[in-house]
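Heads up, the chain below is alone and in the form predicted on its own; it's given as structure tokens.
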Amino acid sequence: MKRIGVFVCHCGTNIANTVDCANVAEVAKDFPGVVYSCDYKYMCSEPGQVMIQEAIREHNLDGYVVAACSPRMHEPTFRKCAERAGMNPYMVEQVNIREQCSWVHADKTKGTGKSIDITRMGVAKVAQNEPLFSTTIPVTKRALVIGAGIAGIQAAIDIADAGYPVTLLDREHSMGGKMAQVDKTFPTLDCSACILTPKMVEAAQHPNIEIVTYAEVEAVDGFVGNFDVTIRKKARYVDVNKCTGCGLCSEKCPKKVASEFEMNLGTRKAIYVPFPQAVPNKPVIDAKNCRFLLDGKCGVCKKVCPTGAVDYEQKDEVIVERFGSIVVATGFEQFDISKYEEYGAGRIPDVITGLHLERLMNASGPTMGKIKRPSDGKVPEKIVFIKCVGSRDEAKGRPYCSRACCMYVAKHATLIKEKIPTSKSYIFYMDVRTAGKNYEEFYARTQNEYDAQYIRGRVSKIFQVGDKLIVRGEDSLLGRPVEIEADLVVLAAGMDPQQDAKDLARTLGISYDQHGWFTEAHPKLRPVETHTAGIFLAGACQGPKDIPDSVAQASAAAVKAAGLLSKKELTAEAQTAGCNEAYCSGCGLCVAICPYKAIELKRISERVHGGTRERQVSSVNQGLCQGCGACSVACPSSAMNLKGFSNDQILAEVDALCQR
């Protein structure tokens, strides 16, 4: 019989308030196999770990149970503690008597009884545990960054500065993301392009960075340290190696269409560069609008190109490359304001979003920086802002706060007053949230120095009368209805995940929440990591955030990625699934259910009645498996078992509870 120790943590008063920890430790002394049991105020502290290590040596323990907080919090801590004392780290069980017991009970007697039962089950499991040993896998010292907005650019530069090659990929024609569309940044009112463009140039000129724009990830195979990524480079119909970026083709192109970059407030040509500071500054042909590609007519761009860079025969190129780590920085989309029919969004041309206003304010925008109404080009005098459009609205499926809206509305009101001194801004809000350095001061200055009138309340309806917009709402502080005759209405549209975020998550094998934001491994302890080892998150793809937070998270993700690449080889997860081929029926249910694509079917030959036959069985890629156990639960023939959580171990816990 194994010699088992039990260590009960008070967690200050988190556990001790509703659990008699000393009593739990005392009762545990009588559990089968337990030779030592004690309690301590903070078991995860250095003195607590020293206590455990001394007990291992003094009592010659084969395994131990820590009754404390969630294993998600400190299981690695206690495993390393065991390893330092010479014990196999997988002979340790951490049972949760905090979140699953103390925090959900007010009755100390019941909480103590439940804690004893939970600890009893942990002891029964340790008695069934067997030492597990990790394997090692080689590392491809190269990183992929998906998304070339400000977060992706920062992550790529940081990884490249650490000495590792990086491929920076974006599906748009240029780097820059949403920040490229912004005029100025809060709270300093710095020119957005003046901050972003040097970063774009630095990335493009960095010897360790390869820029791949107008491309998408189609498939990801392999595992941490060795991801095989299938990338589709879409046809630009322009040879970027020959093109000098002279712009003659765009100048001579006769076809004009609405510009997506200008939020359809301006036009572009069918062969175009999305914005003047674009990197790479090479044009792409819009196949949906090019007259030559549609009906074989025109061809002006090819005729005038001095280097012969235009190639109408260019096709998509699919390549497969290997990377050691991946940083996902795909950013966000602006909420679709047409869902607010009561605001006339999409019907009334002078009801616009904050991003539309950014382009109107920008010196290189469709109006050369002059704020004009989209409907008639007149300069607006009365501007109404409506906050929380697509944020904090459960009716629209957006209960979360988009974080940046309060500040960019304050910025817009400030800039409008500077550009149109006679103007007046009215801002309808639910709450004002300015949680950032110098944010509150900026908001106060907008009110006091720039005459912005904040009205606490919601807007019920917007309709047009002549060339005016009638905005009806309420002032909840005064308790009366409000009606404003406005020239322009700006909706502070919230942030949404990218439309295909869920598809990308499935391709990468990472998780996402109910809204489509990618989820981190742990909100406090692993905020830039995912549950798939080697894949990290940066920027607004994880959730709404502003530029400083995106850049900070990008650097954090870069450090994690570079740290992984710095290793000659990686230690693979020991608690992985395995298949007993004798029991496997080859149904493939485990293949479909595995979220990490770690299981595939293979054919084996076996002897039957003097002959041989072939059949298919499941095979687990130990490098990809994250030990989630989904396959073990789904397997109808009990062929799949998870090391450390075998059927025998789980049943031993159940039996211990039933036999108490």
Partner chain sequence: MRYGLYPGCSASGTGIEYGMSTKAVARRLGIELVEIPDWNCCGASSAHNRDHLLSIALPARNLALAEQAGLTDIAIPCAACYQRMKASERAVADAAERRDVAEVIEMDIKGTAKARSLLEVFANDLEPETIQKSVVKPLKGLKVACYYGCLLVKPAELAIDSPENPMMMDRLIANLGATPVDWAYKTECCGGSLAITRAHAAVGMTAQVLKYAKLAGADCIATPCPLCTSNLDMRQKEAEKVLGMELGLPIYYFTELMGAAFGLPAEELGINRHFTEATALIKKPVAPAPAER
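Positions refer to the first chain, counted from 1. Everything numeric here is computed off the predicted structure, so don't read it as measured data.
The form predicted in complex with its partner chain exists for this protein as well; it is not shown, and the discussion that follows is about that form.
Student: Taking its partner chain as it sits in the predicted bound form, is residue 502 near enough to touch it, meaning that at least one heavy atom pair lies within 4.5 angstroms?
Tutor: Outside the cut-off, so no.
Student: Taking the shortest heavy atom distance, is residue 347 within 4.5 Å of its partner chain in the predicted bound form?
Tutor: Flag for residue 347 set to yes.
Student: My question is simply whether residue 461 lines the interface with its partner chain in the predicted bound form - judged by any non-hydrogen atom within 4.5 Å.
Tutor: Output for residue 461 is yes: heavy atoms within 4.5 Å of its partner chain.
Student: Is residue 316 near its partner chain? Define near as a heavy atom within 4.5 Å, in the predicted bound form.
Tutor: The answer is no: residue 316 has no heavy atom within 4.5 Å of its partner chain.
Student: Where, among 462-470, 77-85, 517-525, 178-186, do residues come within 4.5 Å of its partner chain in the predicted bound form by heavy atom distance?
Tutor: Of the options, only 462-470 has residues within 4.5 Å of the partner.
Student: Which one of 449, 342, 431, 569 is close to its partner chain in the predicted bound form, taking close to mean a heavy atom within 4.5 Å?
Tutor: Only one option qualifies, and that one is 342.
Student: Of 376, 107, 483, 441, which one comes within 4.5 Å of its partner chain in the predicted bound form, counting heavy atoms only?
Tutor: Contact residue from the list: 483.
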